[in-house]
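One chain follows as C-alpha cells, the form predicted alone.
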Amino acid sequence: MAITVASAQLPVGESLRIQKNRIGPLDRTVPHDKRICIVTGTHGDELEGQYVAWRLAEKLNKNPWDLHGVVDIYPALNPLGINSVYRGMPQSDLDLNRIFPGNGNGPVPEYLASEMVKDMQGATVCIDIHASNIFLRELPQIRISETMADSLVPMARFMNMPLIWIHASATVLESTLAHSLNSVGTPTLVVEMGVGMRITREYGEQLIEGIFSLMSHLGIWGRKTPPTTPPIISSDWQVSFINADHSGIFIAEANHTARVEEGEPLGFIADPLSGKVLEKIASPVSGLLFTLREYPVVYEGSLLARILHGTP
C-alpha cells in the first residue's frame, strides 16, 4: 500500500511527495508491534537501493503469509534528485543527508526531513541503504559509529555483509538520518555498497538475504533463512587510505575486493598528454582492498583505495 509520508508544493502547480510502500501481515491475528523500515534514495545518484526496494517488495508480495510484522519501504527520500540524476535536492542544492532531523517549521527540505524522521521513529530497526558516489566502488558493508557499536553490531551480524566498519564519530554525522534516528532510540544500520549511478545485482541480492535474515531474527519473518556471511569487524585504525600524489588518469591493476600484499601494484597514474606514467601506486599494507577508484580522472589528493589490513 502506497502511503504519502510528506508533501510540498512546487512551482507550476506540481507537488513533491515522499512515499512509502507499507506491507503488513495478511493474518490479522498477528500483532503489528514490530516494524522494519528500508530506506534508500537519499542521494539522487545512488541507485543500488532501488533494486533492493523492488526485489524486497516483490518477494514479500509473493509470500505474504510468512510476514509477522510491518515492512515500510521508502524507495526515494529524494525523488527529485533521482529523477534528475542529481545527488542533492535540485531546487535548493542541499545534501538531504546533512539536514536531519530537520525542522517542521523550516524551509521545504527541513520540513520534509522532519516528517521522515517522525514517520520512521519507533520502528524496531531501520536499514538506511546507500551506494558510493560515481568515483569509488565499495565492497558491501555496514558503517556504524563508535558510540552506537555496542547496540548495533549484534543486529548488523545478521545482515549478510562481509564488512562492518566501526568508525569514529564526526560532527557531520550528527546531521544524517541514521544519527538522528539512533539518537531517539530507533536502531538504524547504514549500508554502503557498489558505485554511484549503477546497480550491482549481486550486491543487492546479498543485502536482501541479509534483510530477511535480520527480519527472521526479530520475529518479523516466519520462514527459515539460510546462514549468512560472518562479517569482518574493523575500526578506523585498521583502514589504510591511499591518495593520489599527481593529477592524471588512474588505471587500476588490482581487483576490487581481492586480498593484496604489501608492495603489490594497485595501479598507476598516467598523463595522456605526455604519454608518461606519473606515479605507480603500490599497496602500503597487506589486506582486503574494499574500496577502489572507479572514475579514472584524479587530482592530487584524490582517494584511490582503502585497504583493511590484518585480514586473512
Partner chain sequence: MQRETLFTINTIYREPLHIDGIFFGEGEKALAVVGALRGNEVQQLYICSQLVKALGERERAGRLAPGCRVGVIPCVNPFSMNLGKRFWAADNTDINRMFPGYAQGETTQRIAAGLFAHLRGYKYGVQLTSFHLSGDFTPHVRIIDAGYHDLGLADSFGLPFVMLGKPSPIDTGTLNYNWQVFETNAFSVYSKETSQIHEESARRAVEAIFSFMAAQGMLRGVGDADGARQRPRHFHEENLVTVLSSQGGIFLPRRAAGDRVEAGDALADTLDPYVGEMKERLTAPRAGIVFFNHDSNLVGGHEVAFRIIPDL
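Numbering follows the first chain given and starts at 1. Everything numeric in this text was worked out from a predicted model, so none of it was measured.
Another form exists, predicted together with the partner chain; not displayed. Remarks below refer to it.
| task | Can you check 223 to 231, 173 to 181, 142 to 150, 118 to 126 and let me know which stretch has heavy atoms within 4.5 Å of the partner chain in the model of the complex? | result | That would be 173 to 181.
| query | Contact between R98 and the partner chain in the model of the complex at 4.5 Å, heavy atoms? | reply | Yes.
| request: Give a yes/no on whether S302 approaches the partner chain to within 4.5 Å in the model of the complex, heavy atoms considered. | output: Judged by the heavy-atom cut-off of 4.5 Å, S302 is in contact with the partner chain in the model of the complex.
| task | State yes or no: in the model of the complex, is some non-hydrogen atom of P187 no more than 4.5 angstroms from a non-hydrogen atom of the partner chain? | result | Looking in the model of the complex, residue contacts with the partner chain do not include P187, since no heavy atom lies within 4.5 Å.
| Applying a 4.5 Å heavy atom distance criterion, does S216 contact the partner chain in the model of the complex? | Close contact is absent here: in the model of the complex, S216 is far from the partner chain, nothing within 4.5 Å, heavy atoms only.
| Non-hydrogen atom within 4.5 Å of the partner chain in the model of the complex for each of W54, T200 and V277 | Answer is no for this spot.
| message | Considering non-hydrogen atoms and a 4.5 Å limit, which listed residue (P162, P90, P79, G104) is close to the partner chain in the model of the complex? | response | After the contact test, the surviving option is G104.
| said: Can you list, in sequence order, the residues from 1 to 20 that come within 4.5 Å of the partner chain in the model of the complex, counting heavy atoms only? | reply: Sequence-ordered list: A8, Q9, L10, P11, V12, G13.
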